[in-house]
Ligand code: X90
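Just one chain is shown here, as C-alpha coordinates, and it is the form predicted alone.
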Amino acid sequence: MNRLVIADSSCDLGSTPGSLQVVPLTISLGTDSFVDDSNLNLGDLLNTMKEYKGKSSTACPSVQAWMSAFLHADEVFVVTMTSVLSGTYNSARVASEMCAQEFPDKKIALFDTLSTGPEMVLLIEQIQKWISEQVSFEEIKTKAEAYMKSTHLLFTLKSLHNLAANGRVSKLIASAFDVLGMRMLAIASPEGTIKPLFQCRGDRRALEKMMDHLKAEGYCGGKVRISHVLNAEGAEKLKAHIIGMWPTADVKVYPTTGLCSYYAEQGGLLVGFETNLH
(Lines give C-alpha, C1' and ligand atoms only; values in the text may rest on other atoms or scores of the structure.)
Protein backbone atom coordinates (compact mmCIF):
# COMPACT_ATOMS: atom_id res chain seq x y z
CA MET A 1 0.00 0.00 0.00
CA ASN A 2 1.39 3.38 -1.06
CA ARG A 3 0.84 6.38 1.26
CA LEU A 4 1.74 10.00 0.54
CA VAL A 5 1.43 13.49 2.00
CA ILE A 6 0.49 16.13 -0.58
CA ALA A 7 0.59 19.87 0.14
CA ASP A 8 0.32 23.13 -1.74
CA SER A 9 3.49 25.18 -2.18
CA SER A 10 2.68 27.68 0.57
CA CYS A 11 4.21 25.11 2.94
CA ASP A 12 7.68 26.31 1.79
CA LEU A 13 8.91 22.74 1.29
CA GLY A 14 10.01 20.90 -1.82
CA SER A 15 8.75 17.54 -3.02
CA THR A 16 10.45 14.46 -1.57
CA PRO A 17 9.95 11.24 -3.57
CA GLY A 18 7.74 8.79 -1.71
CA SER A 19 7.17 11.14 1.20
CA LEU A 20 5.85 14.55 0.14
CA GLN A 21 4.49 15.91 -3.12
CA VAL A 22 4.06 19.67 -3.44
CA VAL A 23 1.46 21.11 -5.81
CA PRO A 24 2.48 24.65 -6.89
CA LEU A 25 0.56 27.89 -6.86
CA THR A 26 1.34 30.57 -9.44
CA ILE A 27 2.34 34.20 -8.88
CA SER A 28 1.57 36.76 -11.61
CA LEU A 29 3.26 40.16 -11.86
CA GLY A 30 1.87 41.79 -14.97
CA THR A 31 2.92 39.65 -17.92
CA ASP A 32 5.40 37.65 -15.82
CA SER A 33 4.22 34.41 -14.20
CA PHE A 34 6.19 32.45 -11.62
CA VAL A 35 5.26 28.84 -10.87
CA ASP A 36 6.08 28.10 -7.24
CA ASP A 37 7.95 24.84 -7.80
CA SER A 38 11.53 23.58 -7.63
CA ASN A 39 12.43 25.49 -10.81
CA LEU A 40 11.51 28.87 -9.34
CA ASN A 41 14.38 31.36 -9.09
CA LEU A 42 13.45 33.18 -5.90
CA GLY A 43 15.90 35.98 -6.60
CA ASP A 44 14.21 36.71 -9.93
CA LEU A 45 10.80 36.75 -8.25
CA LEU A 46 11.90 39.12 -5.48
CA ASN A 47 13.70 41.43 -7.91
CA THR A 48 10.64 41.57 -10.17
CA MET A 49 8.44 42.28 -7.14
CA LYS A 50 10.73 45.13 -6.12
CA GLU A 51 10.70 46.76 -9.57
CA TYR A 52 7.11 46.05 -10.61
CA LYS A 53 4.50 48.65 -9.59
CA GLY A 54 1.40 47.30 -11.32
CA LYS A 55 -1.29 44.81 -10.38
CA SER A 56 -0.19 41.39 -9.16
CA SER A 57 -2.01 38.24 -8.06
CA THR A 58 -1.69 34.59 -7.10
CA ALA A 59 -3.56 31.56 -8.45
CA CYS A 60 -4.31 28.32 -6.63
CA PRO A 61 -3.52 24.90 -8.14
CA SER A 62 -6.09 23.64 -10.61
CA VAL A 63 -8.40 20.72 -9.92
CA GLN A 64 -6.49 18.73 -12.53
CA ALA A 65 -3.17 19.44 -10.80
CA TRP A 66 -4.55 18.00 -7.57
CA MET A 67 -6.08 15.05 -9.42
CA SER A 68 -2.73 14.21 -10.98
CA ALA A 69 -1.04 14.32 -7.58
CA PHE A 70 -3.66 12.05 -5.98
CA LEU A 71 -2.88 9.30 -8.49
CA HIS A 72 0.55 8.72 -6.96
CA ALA A 73 -0.69 6.87 -3.86
CA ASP A 74 -3.43 4.59 -2.52
CA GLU A 75 -3.82 6.66 0.64
CA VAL A 76 -3.36 10.41 0.43
CA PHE A 77 -3.15 13.04 3.17
CA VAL A 78 -3.68 16.53 1.74
CA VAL A 79 -2.48 19.60 3.67
CA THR A 80 -3.55 23.02 2.36
CA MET A 81 -3.29 26.66 3.30
CA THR A 82 -6.30 28.43 4.82
CA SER A 83 -9.51 28.13 2.82
CA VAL A 84 -10.61 31.56 4.03
CA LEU A 85 -7.96 33.43 2.04
CA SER A 86 -7.39 31.06 -0.88
CA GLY A 87 -9.30 28.74 -3.21
CA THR A 88 -6.59 26.10 -2.80
CA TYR A 89 -8.50 23.92 -0.33
CA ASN A 90 -11.69 24.08 -2.38
CA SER A 91 -9.80 23.08 -5.53
CA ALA A 92 -8.35 20.08 -3.68
CA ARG A 93 -11.79 19.19 -2.31
CA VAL A 94 -13.36 19.14 -5.77
CA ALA A 95 -10.47 17.02 -7.04
CA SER A 96 -10.91 14.55 -4.17
CA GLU A 97 -14.63 14.18 -4.93
CA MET A 98 -13.92 13.53 -8.61
CA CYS A 99 -11.13 11.11 -7.71
CA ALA A 100 -13.44 9.20 -5.34
CA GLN A 101 -15.93 8.66 -8.15
CA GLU A 102 -13.28 7.37 -10.55
CA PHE A 103 -11.21 5.44 -8.00
CA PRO A 104 -13.55 4.38 -5.17
CA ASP A 105 -10.86 2.36 -3.37
CA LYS A 106 -8.53 5.35 -3.01
CA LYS A 107 -8.51 7.04 0.39
CA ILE A 108 -8.06 10.83 0.59
CA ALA A 109 -7.99 12.90 3.78
CA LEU A 110 -8.16 16.70 3.42
CA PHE A 111 -6.82 19.08 6.07
CA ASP A 112 -7.60 22.79 5.91
CA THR A 113 -4.91 24.15 8.23
CA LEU A 114 -6.54 27.62 8.40
CA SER A 115 -2.94 28.79 8.20
CA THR A 116 0.11 28.63 5.93
CA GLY A 117 3.89 28.19 5.86
CA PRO A 118 5.55 26.68 8.94
CA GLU A 119 2.31 25.74 10.68
CA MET A 120 1.58 23.51 7.68
CA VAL A 121 5.08 22.06 8.06
CA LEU A 122 4.32 20.96 11.62
CA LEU A 123 1.30 18.97 10.44
CA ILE A 124 3.16 17.51 7.46
CA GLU A 125 5.98 16.30 9.68
CA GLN A 126 3.56 14.79 12.17
CA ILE A 127 1.61 12.90 9.50
CA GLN A 128 4.88 11.63 8.02
CA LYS A 129 5.87 10.36 11.47
CA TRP A 130 2.57 8.48 11.88
CA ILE A 131 2.96 6.97 8.42
CA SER A 132 6.44 5.72 9.36
CA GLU A 133 4.92 4.17 12.50
CA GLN A 134 2.29 2.44 10.33
CA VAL A 135 -0.63 4.15 12.05
CA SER A 136 -3.90 3.40 10.25
CA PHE A 137 -5.45 5.84 7.78
CA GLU A 138 -8.48 6.58 9.96
CA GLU A 139 -6.38 7.01 13.09
CA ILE A 140 -4.08 9.46 11.32
CA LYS A 141 -7.12 11.50 10.27
CA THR A 142 -8.34 11.66 13.86
CA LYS A 143 -4.91 12.41 15.30
CA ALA A 144 -4.22 15.10 12.70
CA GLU A 145 -7.46 16.96 13.42
CA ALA A 146 -6.59 16.97 17.13
CA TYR A 147 -2.99 17.97 16.49
CA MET A 148 -4.00 21.05 14.48
CA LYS A 149 -5.66 22.43 17.62
CA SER A 150 -2.24 22.58 19.28
CA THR A 151 -0.35 24.41 16.50
CA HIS A 152 -0.12 28.14 15.80
CA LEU A 153 1.33 30.65 13.34
CA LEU A 154 2.94 33.94 14.33
CA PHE A 155 4.54 36.26 11.81
CA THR A 156 6.22 39.63 11.55
CA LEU A 157 6.27 41.71 8.36
CA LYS A 158 8.07 44.85 7.20
CA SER A 159 5.71 45.49 4.28
CA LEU A 160 1.98 44.89 3.75
CA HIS A 161 1.90 45.95 0.09
CA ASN A 162 1.03 42.61 -1.51
CA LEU A 163 -1.35 41.59 1.27
CA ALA A 164 -3.25 44.84 0.77
CA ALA A 165 -3.18 44.60 -3.03
CA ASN A 166 -4.86 41.20 -2.83
CA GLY A 167 -7.46 42.16 -0.23
CA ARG A 168 -5.87 40.34 2.73
CA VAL A 169 -5.45 43.53 4.81
CA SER A 170 -6.75 47.09 4.58
CA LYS A 171 -4.97 49.33 2.04
CA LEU A 172 -5.30 52.22 4.51
CA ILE A 173 -3.46 50.24 7.19
CA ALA A 174 -0.79 49.18 4.69
CA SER A 175 -0.17 52.78 3.56
CA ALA A 176 0.13 54.08 7.10
CA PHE A 177 2.38 51.18 7.97
CA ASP A 178 4.82 51.98 5.14
CA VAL A 179 4.91 55.70 5.97
CA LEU A 180 5.70 55.07 9.64
CA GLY A 181 8.32 52.39 8.94
CA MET A 182 6.70 49.94 11.34
CA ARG A 183 6.78 46.16 11.70
CA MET A 184 3.50 44.29 12.11
CA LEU A 185 3.16 41.22 14.29
CA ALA A 186 0.15 39.07 13.46
CA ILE A 187 -1.21 35.56 13.82
CA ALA A 188 -3.33 33.16 11.82
CA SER A 189 -6.61 33.40 13.70
CA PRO A 190 -8.66 30.31 14.64
CA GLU A 191 -10.99 31.29 11.78
CA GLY A 192 -8.14 31.26 9.24
CA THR A 193 -7.78 35.02 8.80
CA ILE A 194 -4.89 37.40 9.47
CA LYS A 195 -5.22 38.91 12.94
CA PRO A 196 -2.83 41.81 13.70
CA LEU A 197 -1.46 41.86 17.24
CA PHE A 198 1.10 44.65 17.53
CA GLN A 199 2.84 47.39 15.59
CA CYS A 200 6.36 48.19 16.66
CA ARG A 201 9.54 49.86 15.46
CA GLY A 202 12.73 47.91 14.90
CA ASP A 203 13.77 44.28 14.76
CA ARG A 204 14.72 44.14 18.43
CA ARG A 205 11.28 45.20 19.59
CA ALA A 206 9.64 42.78 17.15
CA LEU A 207 11.77 39.94 18.54
CA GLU A 208 10.76 40.81 22.10
CA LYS A 209 7.09 40.83 21.14
CA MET A 210 7.40 37.46 19.37
CA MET A 211 8.95 35.90 22.47
CA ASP A 212 6.21 37.43 24.63
CA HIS A 213 3.57 35.89 22.37
CA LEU A 214 5.15 32.43 22.52
CA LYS A 215 5.03 32.57 26.32
CA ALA A 216 1.48 33.92 26.39
CA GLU A 217 0.26 31.10 24.10
CA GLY A 218 1.76 28.48 26.39
CA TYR A 219 4.74 27.41 24.33
CA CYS A 220 6.91 25.18 26.52
CA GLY A 221 9.70 23.79 24.37
CA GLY A 222 8.05 21.78 21.58
CA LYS A 223 8.66 22.12 17.86
CA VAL A 224 9.21 25.51 16.23
CA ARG A 225 9.60 25.97 12.49
CA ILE A 226 10.79 29.41 11.30
CA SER A 227 10.72 30.46 7.65
CA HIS A 228 12.11 33.76 6.41
CA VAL A 229 12.21 35.97 3.31
CA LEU A 230 15.91 36.85 2.92
CA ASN A 231 16.13 37.34 6.68
CA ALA A 232 18.29 34.47 7.90
CA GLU A 233 19.89 36.74 10.52
CA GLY A 234 16.54 37.59 12.09
CA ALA A 235 15.42 33.96 11.99
CA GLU A 236 18.63 32.74 13.64
CA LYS A 237 18.35 35.39 16.36
CA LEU A 238 14.83 34.24 17.14
CA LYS A 239 15.99 30.62 17.19
CA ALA A 240 18.80 31.51 19.61
CA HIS A 241 16.37 33.30 21.94
CA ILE A 242 13.97 30.35 21.92
CA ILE A 243 16.70 27.81 22.67
CA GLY A 244 18.14 30.13 25.30
CA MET A 245 14.83 30.07 27.17
CA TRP A 246 13.82 26.48 26.30
CA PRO A 247 17.06 24.50 25.80
CA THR A 248 15.30 21.32 24.65
CA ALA A 249 13.25 23.09 21.96
CA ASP A 250 13.25 21.56 18.47
CA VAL A 251 13.79 24.62 16.25
CA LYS A 252 14.50 24.61 12.51
CA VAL A 253 15.04 27.57 10.17
CA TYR A 254 14.62 27.60 6.39
CA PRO A 255 13.90 30.10 3.58
CA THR A 256 10.44 30.68 2.19
CA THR A 257 9.61 29.64 -1.35
CA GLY A 258 7.55 31.68 -3.82
CA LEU A 259 4.07 32.06 -2.37
CA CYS A 260 5.06 33.01 1.18
CA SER A 261 7.84 35.23 -0.17
CA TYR A 262 5.26 37.09 -2.23
CA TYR A 263 2.95 37.78 0.71
CA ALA A 264 5.46 38.14 3.56
CA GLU A 265 7.87 40.17 1.38
CA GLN A 266 11.54 40.81 2.08
CA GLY A 267 12.42 40.69 5.78
CA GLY A 268 9.34 38.70 6.78
CA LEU A 269 9.49 35.97 9.43
CA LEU A 270 6.89 33.21 9.86
CA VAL A 271 6.86 31.04 12.98
CA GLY A 272 4.90 27.81 13.43
CA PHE A 273 4.92 26.34 16.94
CA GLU A 274 3.31 23.68 19.14
CA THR A 275 1.56 24.15 22.49
CA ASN A 276 -0.48 22.02 24.92
CA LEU A 277 1.35 18.82 24.04
CA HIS A 278 2.22 17.67 27.54
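Sequential numbering from 1, following the sequence displayed. Being a predicted model, the structure only gives us computed values, none of them experimental.
Keep in mind that the form predicted in complex with this ligand is missing from the display, and what follows is about it.
When contacts are judged by a 4.5 Å heavy atom cut-off, residue 121 does not count as touching this ligand in the model of the complex.
Taking the partner from elsewhere, residue 88 is found to have a heavy atom lying within 4.5 Å of this ligand in the model of the complex.
In the model of the complex, residue 231 stays away from this ligand, with no heavy atom inside 4.5 Å. This ligand is not drawn, but in the model of the complex it has a heavy atom within 4.5 Å of residue 60. A single residue from the set 163, 207, 148, 109 has any heavy atom within 4.5 angstroms of this ligand in the model of the complex; that residue is 163. Of the residues 114, 185, 140, 95, just one reaches this ligand in the model of the complex with a heavy atom at 4.5 Å or closer; this is 114.
Contact annotation for the candidate site: 127, 224 and 249 all lie away from this ligand in the model of the complex (no heavy atom within 4.5 Å). Note on the interface: of 70 to 78, 140 to 148, 127 to 135, 187 to 195, the segment with non-hydrogen atoms within 4.5 angstroms of this ligand in the model of the complex is 187 to 195. Residues of 236 to 263 lying near this ligand in the model of the complex, listed in sequence order, are 259, 260, 263, the criterion being any heavy atom within 4.5 Å.
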